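Consider the single chain below, provided in structure tokens and representing the form predicted on its own.
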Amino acid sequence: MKLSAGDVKQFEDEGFIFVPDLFTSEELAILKGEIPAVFAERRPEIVREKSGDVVRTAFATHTYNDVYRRFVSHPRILEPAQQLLGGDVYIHQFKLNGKAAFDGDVWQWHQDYGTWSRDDDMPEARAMNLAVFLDEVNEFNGPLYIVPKSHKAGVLGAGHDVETTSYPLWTLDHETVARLIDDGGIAAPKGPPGSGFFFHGTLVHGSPPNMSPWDRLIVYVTYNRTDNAIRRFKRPEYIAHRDFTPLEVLPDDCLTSP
């Protein structure tokens, strides 16, 4: 799938693109059908919320689950990533973010590239995220908050928060976030299951707790240029991958006809 010139310009200007109905109901049923078994596993890749046994994030699912192995090479997500990043890409990070009903905790304000730079020594911000909604995302179940145009600010100063949640994060202070919102506003992409959301590695974002009775499951894939591979390996490989092999695009029906 190729993005239009208008889509590319929006990504450059605003830092994100929202694509409704990127995946079909049949494909979503296949993707969601794997979740109970994945979340039931007891392995280092599965991070649970601080408050109990609810899954916060499942990392690197594509390395041990065949459906998600095919998903990361699907042309509707891989080809736009290659187009926006201008070259071959590999998977830097993969995660299923649970944000379970009632129990899904906050993700503080942050920039992903800030972490990739500080922890993984990724040379430049030539990496990006692709998110696909596996549940409906609405204003009540912890939607992602983003600050349009904030990707143009470059890498911002951040503090390493290791206490607020079960997952340590390089977070931004309130003054910085308020200033950026004054400049670019704030948005919360919402939509039905199957919606796609591409966003820049330095776009400022976060999400509130899920206090609703509705789950908010999103799959995130971080694509990085192969010539921008990380140079520090202090984090576990399931969080910051070491396999820099370029991904090859699979057929459009790779989920339904493997």
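The structure displayed is predicted, hence computed values, not measured ones. Just count from 1 along the sequence shown to find any residue number.
The form predicted together with a small molecule is left out here; the points below concern that form.
Point to revise | Option touching the small molecule, based on a heavy atom within 4.5 Å in the predicted complex, out of His74, Lys149, Arg126, Lys95 | key: Comparing distances to the small molecule in the predicted complex, the residue within 4.5 Å is Lys95.
Using a 4.5 Å cut on heavy atoms, which of Phe197, Tyr68, Tyr220, Phe39 is close to the small molecule in the predicted complex?
Looking at the other structure, the residue within range turns out to be Tyr220.
Residue-level question: is Tyr90 within 4.5 Å of the small molecule in the predicted complex, judged on heavy atoms? No, Tyr90 stays farther than 4.5 Å from the small molecule in the predicted complex.
- Would Ser207 count as a contact of the small molecule in the predicted complex, using a 4.5 angstroms cut-off between non-hydrogen atoms? Yes, Ser207 lies within 4.5 Å of the small molecule in the predicted complex.
Test of understanding: in the predicted complex, would Val137 fall inside 4.5 Å of the small molecule by heavy atoms? It does not: once the small molecule is placed as it appears in the predicted complex, Val137 has no heavy atom within 4.5 Å of it.
| query | Does the small molecule come within 4.5 Å of any heavy atom of Leu130 in the predicted complex? | reply | It does not: once the small molecule is placed as it appears in the predicted complex, Leu130 has no heavy atom within 4.5 Å of it.
Of the listed stretches (184-192, 171-179, 75-83, 104-112), which one has a non-hydrogen atom within 4.5 Å of the small molecule in the predicted complex?
Of the options, only 104-112 has residues within 4.5 Å of the partner.
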